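The chain below stands alone and is given in structure tokens; this is the form predicted on its own.
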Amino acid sequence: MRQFEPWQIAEVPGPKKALLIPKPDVAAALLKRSRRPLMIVGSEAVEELAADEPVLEYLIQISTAGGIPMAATMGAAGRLIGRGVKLAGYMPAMEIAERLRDGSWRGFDGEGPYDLAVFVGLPYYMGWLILSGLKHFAKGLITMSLDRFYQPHATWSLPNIPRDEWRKTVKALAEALEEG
């Protein structure tokens, strides 16, 4: 049975919790429906190895297939650039969150605010705080957590799932976006 409780159990998220992403097709549909998505990749995504397959490759596939600009935190930017990924931008995670919260920010490309922010690879506690701030102060922004631990402050989140299942879910999401 999938867990629908925060991985960090001592924290109380309040009455409004993230909706579960029950299967990768749901996340793919949300990403396709978004007009201006942004993927924020943290350092744990570049360090994560699951079944000898780096999840980072699937995240790059998701970004490419879904036409989702990728921004990175400072701990992830070097590895992504080294793999030939053209980043929309890179800066500390808290700075990205602050800009997402600011309704007058025109985005990394100056085209306007983002309507969907996908977070993956941030330390759990940092993702918790960032998503909490965005839930309360970023008007109109939908957030999605693709980490393997449930993030109750996101609008949409994967449940707490084992590492192998998480790898398969992220891979299936990449494949769903590639299929169109």
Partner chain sequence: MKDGIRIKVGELKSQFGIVKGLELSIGEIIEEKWEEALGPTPFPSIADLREWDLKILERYKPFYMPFCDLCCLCTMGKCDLTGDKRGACGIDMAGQQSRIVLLACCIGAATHTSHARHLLEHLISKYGRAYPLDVGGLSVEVEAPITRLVCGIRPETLGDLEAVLDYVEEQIVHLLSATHTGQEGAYKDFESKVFHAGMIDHLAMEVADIAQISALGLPKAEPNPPLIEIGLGVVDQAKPVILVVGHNVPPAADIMDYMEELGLQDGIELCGICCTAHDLARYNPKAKIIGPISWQLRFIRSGVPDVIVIDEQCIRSDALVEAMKVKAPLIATSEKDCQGLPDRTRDPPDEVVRDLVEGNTPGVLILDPRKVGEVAVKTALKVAPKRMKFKAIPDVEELIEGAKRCRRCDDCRRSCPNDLDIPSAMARAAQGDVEGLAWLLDQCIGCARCERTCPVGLPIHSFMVKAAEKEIKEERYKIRAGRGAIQDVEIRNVGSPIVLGEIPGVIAFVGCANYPRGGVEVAEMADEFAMRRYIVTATGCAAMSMAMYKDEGGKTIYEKYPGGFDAGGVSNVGSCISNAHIAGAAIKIASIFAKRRLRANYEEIADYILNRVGAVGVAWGAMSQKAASIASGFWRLGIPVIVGPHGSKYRRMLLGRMEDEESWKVYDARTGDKVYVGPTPEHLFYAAETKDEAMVTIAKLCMRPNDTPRGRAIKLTHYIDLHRRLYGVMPDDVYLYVRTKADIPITIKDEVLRLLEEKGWRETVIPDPTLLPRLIRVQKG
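In this text, the rigid core denotes the largest set of C-alpha atoms whose superposition between the two forms falls within 1.5 Å. Positions refer to the first chain, counted from 1. A quick note: this is a predicted structure, and the numbers were derived from the prediction, not measured.
Another form exists, predicted together with its partner chain; not displayed. Remarks below refer to it.
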{"query": "Interface segment, criterion being heavy atoms within 4.5 Å of its partner chain in the model of the complex, picked from 129 to 137, 30 to 38, 109 to 117, 56 to 64", "finding": "129 to 137"}
{"query": "Its partner chain contact in the model of the complex: Lys23, any heavy atom under 4.5 Å", "finding": "no"}
{"query": "Contact flag, Pro159 vs its partner chain in the model of the complex, heavy atom cut 4.5 Å", "finding": "no"}
{"query": "Residue contact check: Leu146 to its partner chain in the model of the complex, 4.5 Å heavy atom", "finding": "no"}
{"query": "Its partner chain contact in the model of the complex: Ala77, any heavy atom under 4.5 Å", "finding": "yes"}
{"query": "Any residue of 4 to 18 that, in the model of the complex, places a heavy atom within 4.5 Å of its partner chain", "finding": "Glu5, Pro6, Trp7, Gln8, Ile9, Val12, Pro13, Gly14, Pro15, Lys16"}
{"query": "C-alpha of Pro92 off by 2 Å or more between this form and the one not shown on rigid core", "finding": "no"}
{"query": "C-alpha of Arg106 off by 2 Å or more between this form and the one not shown on rigid core", "finding": "no"}
